[in-house]
Each structure stands twice: as C-alpha cells, then as structure tokens.
Ligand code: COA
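Heads up, the chain below is alone and in the form predicted alone; it's given as structure tokens.
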Amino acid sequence: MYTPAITGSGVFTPSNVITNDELVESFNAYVDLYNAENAEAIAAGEVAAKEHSSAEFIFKASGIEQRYVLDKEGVLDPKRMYPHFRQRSDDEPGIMTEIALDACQKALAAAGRTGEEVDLVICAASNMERAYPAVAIEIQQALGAGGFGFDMNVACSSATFGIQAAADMVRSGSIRCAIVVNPEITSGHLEWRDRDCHFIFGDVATAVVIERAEDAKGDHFIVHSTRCATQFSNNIRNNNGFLRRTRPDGVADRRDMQFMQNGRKVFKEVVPMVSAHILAHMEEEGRSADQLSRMWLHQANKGMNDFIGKKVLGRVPEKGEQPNILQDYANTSSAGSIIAFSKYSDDMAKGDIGLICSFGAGYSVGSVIVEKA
C-alpha cells in the first residue's frame, strides 16, 4: 500500500467578469421587455409579471459580488440571456478540454510533473460537453498522458469524489500519478432569466495532481482519508439529456433543461447533512475540531458555509480558517472547494491538518482530510 498525496493544483480563470450591477442592469432590461410583451396577459391575470432584481438582493442571498464567465456578451444581452458558444467541429478540441488543459498544466507545473508522467485522468464535473467519447480521454490525449481516463459526474461533489477515486488507486498501487480536473462551464446550464437563481454561477476549471507521497518533488499534502455519501433528492435538478428534448405536448421547454433548485429546502436539508458528515469523518479518523487548521468548503452560499463552519468548529471560524472565494467566482460547482484550496494552502505549516469538502445535488457530499508535508 502507498500513501497518496496532492502534489500540485491549478486554476483556470476566464478573462470576462460580470459584476452584480452589470448583471442586474441586463436582467431588469429583460424583465421590462418581458412585461411589456405580455402586458395584456399580465393585466388579465393569465401571466405573472416578472420582478426586478438588485445587487443588494443578490449579495444578501448569496454573498456573491461578481462571477467569471467564458462569454459575457450573450449573458448580458437582454434579448438572449445565455452565452454564445461556437459549435466546435469534431476535429477541434472541445471547450472543456481547452480550459481543462490550462488548469492541468498549472497543476503539473506545481507538482514538477509533465503530462507524460500521468497515467490516470478523471474529468469530474457537473455538466459534460457530450455523452461520449469521454471528455477525460480527450484531455488525456491533449496532455500526452498514458494509462486511461474517464468522466465522473456527482454534480457539485464531483471533485472530491474524483479525488477519492484517484487516491484509492494510488494507494492500491494500480496507478502512480493521476490528475483530477474540473472544467465547470456552469454559465451554459444556468437560467439567467430566473430571478431566484440568475446570479448563482460562474465558469472556471481546476485541477489537482495526486501521486505517491514518496514521489513528491516538493511541498505536498498527504491524503489521510476520504469519505463520500449520497442521498437522493429532487431539490437540485437538471433534466437535460437525450431522453428529454420537449414537453409531453411537444413544445420545446428550455427551462426544464436548465439548473433548477428549491433553495430553501436545500439550505434546510444540506447544511445539517454536511456538518454531520464532516464531524463523523473526523471522529472516524480520531481527529477533533481543534486540530483543523483550515477548511476549504464548497462555494455555493456564504450563509451555508458560515453555518457549517460554526457547527463543525463549535464556534465562529476565525479569519483564514475557512476561506471564501465565492464573492469573486460565484458558485463554480465542483471546482469551488478546489479554488479555495489552491489559493489558500501555501501558507500552511508542516503538520497542519485541513479538510476539503464539497456538496450538492444528489444530495452528495465528499470530504478529504489532508496534512501539509
């Protein structure tokens, strides 16, 4: 048996930023157009008028101040309100592969590795560009990696589930070096015209290199333990798929095939589930809350993270113990906890214990206990 370690991480950040003020301006312009076009039906009580959004509402509901996106123009067009993504030919790299490659190269550089030294690629993300061939295999080819690759989808928990799979294979000796990459193009599955969720998501790609600790070329994090759990719920759902193209009456229904969430139920049910999961994982490993130097939590909602941090630590987390990147990146699905880990881990001292945790649709929750070495 071998000891797995995270030896490098990388983040690809798009160049386009949409602030809350910009988003609200476009959304409210769309609302005005919609209400004007449906004025008669609204007056007759047949259609509900849409409400304006505000930057204050967005920040209070989520803690988000801005988000990065691959395409800004399409999202902010009041007559469109979703991104322009050019259809790639079969001979071109996919858009997920393109952004994944950037994150992978940064992670490999941090680990002192090359693509040729990788023998497993896991593409773990909440939405895949296609059903097959696996995006991971395309990334594998782009990296010049050997071995094998496969896609994994556990919604917002995809990254931690991918880390568990890779760490287990390194531990058993079936592979030597893996890369888990999370190209999250969440702007493509968000309904930007829905006031309750139009502000939630942003685009990004993250990657971590996982290999035998004995092979590490520099500072690294030993993966002591992983723990995953799932429990079915419809409170976060996306019905897009090859069996779901139209409503039963044959009318196209784009809303049904976008991100849908019952936010109040999610908060009420997921927060205690995640808190209990983390505490049980730590107890199983014989570790107490006061041994945690840092928690890198899923970046979905500041209120959720604040509640979880307080429940796990038994007090309000001090500055730096539970870093948030949500205000800058918004919710980036499975990539959020890895962004936080990548940006806020270099300052940790040898022997410091940290915990990576992600959670989301399913419901799903995954946690990884690491130690700076």
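Only a predicted model underlies this, so the values are computations on that prediction, with no experimental measurement involved. Numbering starts at 1 and follows the sequence shown.
What comes next is about the form predicted in complex with the named molecule, which is not displayed.
The shortest heavy atom separation between Phe161 and the named molecule in the model of the complex exceeds 4.5 Å. Contact annotation for Thr226: none of its heavy atoms lies within 4.5 Å of the named molecule in the model of the complex. Not displayed here, the named molecule is approached by Asn301 to within 4.5 Å at the level of heavy atoms in the model of the complex. Using a 4.5 angstroms threshold between heavy atoms, Cys156 counts as touching the named molecule in the model of the complex. The single contact residue among Phe307, Phe57, Tyr34, Tyr344, judged by any heavy atom lying within 4.5 Å of the named molecule in the model of the complex, is Phe57. Site annotation in the model of the complex: the residue of Met348, Ala29, Ile42, Ala61 reaching within 4.5 Å of the named molecule with a heavy atom is Ala61. Taken together, Ile185, Gly188 and Met257 are entirely out of contact with the named molecule in the model of the complex: none brings a heavy atom within 4.5 Å.
Annotated contact segment (heavy atom within 4.5 Å of the named molecule in the model of the complex): 259-267, selected among 285-293, 98-106, 216-224, 259-267.
Residues of 181-208 lying near the named molecule in the model of the complex, listed in sequence order, are Arg195, Asp196, His198, Phe199, Ile200, Phe201, the criterion being any heavy atom within 4.5 Å.
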